[in-house]
Ligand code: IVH
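Below you will find one chain, with nothing else, as C-alpha cells; this is the form predicted on its own, and questions on how it binds or moves follow later.
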Amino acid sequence: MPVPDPESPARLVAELRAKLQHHAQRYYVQDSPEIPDAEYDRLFRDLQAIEAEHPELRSADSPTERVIGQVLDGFAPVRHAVPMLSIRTETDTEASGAQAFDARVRRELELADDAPAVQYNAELKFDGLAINLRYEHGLLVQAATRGDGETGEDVTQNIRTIGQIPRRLRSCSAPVLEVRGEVYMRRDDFERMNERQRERGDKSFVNPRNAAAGAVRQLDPAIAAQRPLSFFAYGLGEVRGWDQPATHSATLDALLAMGLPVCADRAVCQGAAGLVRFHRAMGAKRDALPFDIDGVVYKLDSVLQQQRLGFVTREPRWAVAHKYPAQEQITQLERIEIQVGRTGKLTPVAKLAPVFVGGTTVSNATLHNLFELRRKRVRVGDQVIVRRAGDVIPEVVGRVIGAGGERTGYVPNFQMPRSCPACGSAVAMDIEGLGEKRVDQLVDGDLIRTLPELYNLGLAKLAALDRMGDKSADNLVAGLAKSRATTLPRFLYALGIRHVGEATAKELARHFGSLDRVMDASSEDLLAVPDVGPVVAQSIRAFFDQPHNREVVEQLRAAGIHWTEGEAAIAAPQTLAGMTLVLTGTLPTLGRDQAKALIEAVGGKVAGSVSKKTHYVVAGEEAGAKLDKARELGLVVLDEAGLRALLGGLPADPP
C-alpha cells in the first residue's frame, strides 16, 4: 500500500482543518486559546488558498464553510432566526487593504470608474463575545451567543446582569427586534477584577476577552453579576414590525436612541480615502482606548446596496474587518540572557527567533524578573507568545501549550547567576532567607504571584513548605520584616521603572521629597530634576499612568514598606560637587552604603577604582590595593573622622 505524500493537498487540508477545529474549540468553547489570533488567521488563510486551488477538496464541514463554535452542556440551544455569520478579514494592515475592499465593492456594484465615491460606515472591531439580543414588543426576552452561527447558547440570565443593556427599549414596540453586538470588558475593570482575584487567592484571567467570555458562560448568574461586563450594539438580526432606516449609520443612531450603547468611535466615510483615514486615526488611538480592539470594520452604509451584494458562503460581501498589525505572535525562545543595569540590577531577557509583531521585528523581550519567569513556566526551546503593544517593551506572555508546543525532552529551569556577568561580583538577594529555590517553591505552590504577596506570608504557610522547617521560616519572616524599612530612593529604584537607575532614583527623592509627589509629577515637573531628560520623564510618567503599577505601590505600602518622607527634599550644601571619592576597607561606624549616600548627598561621586582623577580616598581597616594605589599616586587619604570633617559634620544616617 503506497505511503501518503505528507505534502499532498489532501493531507495538508486534513491537517489544517484539524488544527483550526482544535483551536476554535479552545477559543470559542473553552475560552482558553493556545495561539494568538494572528496565528489562527494564518492557518485559516492557508486552508482557503489550498481549497481555492483544489475545489474538489471542499466540504460542508470545513472551517472555511461555516462559523466555528459549539453549544456548551448546561445551556439551552437557541436557533437563530437569522444566522450570525462572521465578517471577512482583510489581513493586509496597510492602506492597500481598505483600497482593495473599496475596489471589490465598486466592481460588484458595477460602478463606472467616474462614478461618485461609495459611502461606508466605519466602526471598531471589538475583542469580546458576539451576542444576539431578542426584544419582543420592546422587552428583552432572550440573549444568545453566536455558537456555530446557526445555533447558539441561551445566556439570558447572565446578560440581564449587564447594566448597560436595557431590559426595555425606549420608543420601540416592534413585535420582534433582534439587536446584535459585543460583550466586552474594559481594561481598567479587567485590572481591578484581577486584583480582587489575586487578593482572594483565586485564579487571575489572561486577558479581557477571555474574562468576558467566561462571565457570559457562567451557569450561575450570580457569578456573572460580579464580573464588570460592558456592551456595544453594532447590527440587527431578525426584524418584524420595525422600519429599518435606509442606512447602517442611521440604524446605529436609532439603536442609540432606544437606549442601547453604541460606540462613539464610528464614522461615515466616502470611498477608499475615507476608510484609510479612519483606519489610521483609530490605529493611532488604539492603545489609548479603554478596551481592546484588533481592527476596524467597514460596511456599506446603504441597506439597499447591502441587500444587492448579499452573502457568499459564510460572510457578507458588503463588509470587511480590516486588521491592525498583530500585537501577539508565536516564536521560539532560543536562550535567556541576563541584562545588567547601570546600577547592577539583573533582568532576565528572552532571546527570540526574530518575529514581526506590533509593527516591528522583535528579537528580544523582557521576562521581567524571576517571579514572572517561574510563573509563566517558560524554558529555552519553547514556542512562546510574544506581545508588543504601542511603545511598550516587548514581553513574553507565556508558552504555547499543546498542538505542537510540547517539549520533546527535559529542559531545566533557568537559574539566575550567582555572580554578576559584567563584573564577577557576588549577586545577593535583598531579603534574608529568600533564595532562588524558595522563590520557585512559593510561585509553583501558588502561594505568591506578585511581590506584595510576599509580605502576607505567615509562619504556618512557610513552615509547611518542603524542607523549610520552623527555623528557616522564622528567618524568612524576620528577613521580610527587616526589608519593610527602606529609603525612598531605594524604593523608587526597586520599582524597576525603565531608565531609572539608582542615581536617578536619588535625584527624584531629593527633588520631590515624597513618593506621592513623584507619582503625580507632570512631565514638565520631572524635567526639572537633575539627570532626568525627556526619555526618562516619559518613562516615569508612563509607569505611574498604569493603574496596575499604582496598585502594586499601594499594596507594598499597605504591607508595611515604609521610609521617612520629607528628609530627602532637604537640600544639603553641595560642598563636594564635581569631586570623586573612593571607599576602601571597613570604617568604624559607617557602612559602605551609608558613607556613599552621605557623599552623594553633598554632590560627590563615589567611584570603584583609584585613578589620577580621584580627589580623596577614604580608607578603613583592611584597606588593600586601592590604598596602595592612592599612596603611589600621592592622593589625599582620609579616615572616617576626616570624611566627617569633609562632609561638614552631617549625621551618620543618610536621607
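All residue numbers are counted from 1 along the displayed sequence. Source: prediction; values computed, not measured.
The same protein also exists as the form predicted together with the named molecule; that form is not shown, yet it is the one meant from here on.
Look at 535-543, 116-124, 518-526, 277-285: in the predicted complex, residues with non-hydrogen atoms within 4.5 angstroms of the named molecule sit in 116-124. Taking R388, R146, R510, K323 one by one, only a single residue has any non-hydrogen atom within 4.5 Å of the named molecule in the predicted complex, and it is R146. For the options E153, E182, D301, E178, the residue carrying a heavy atom within 4.5 angstroms of the named molecule in the predicted complex is E182.
Interface residue remark: W318 is counted as part of the site for the named molecule in the predicted complex, having a heavy atom within 4.5 Å.
The shortest heavy atom separation between L85 and the named molecule in the predicted complex is within 4.5 Å.
In the predicted complex, no heavy atom of L442 sits within 4.5 Å of the named molecule. The shortest heavy atom separation between A213 and the named molecule in the predicted complex exceeds 4.5 Å.
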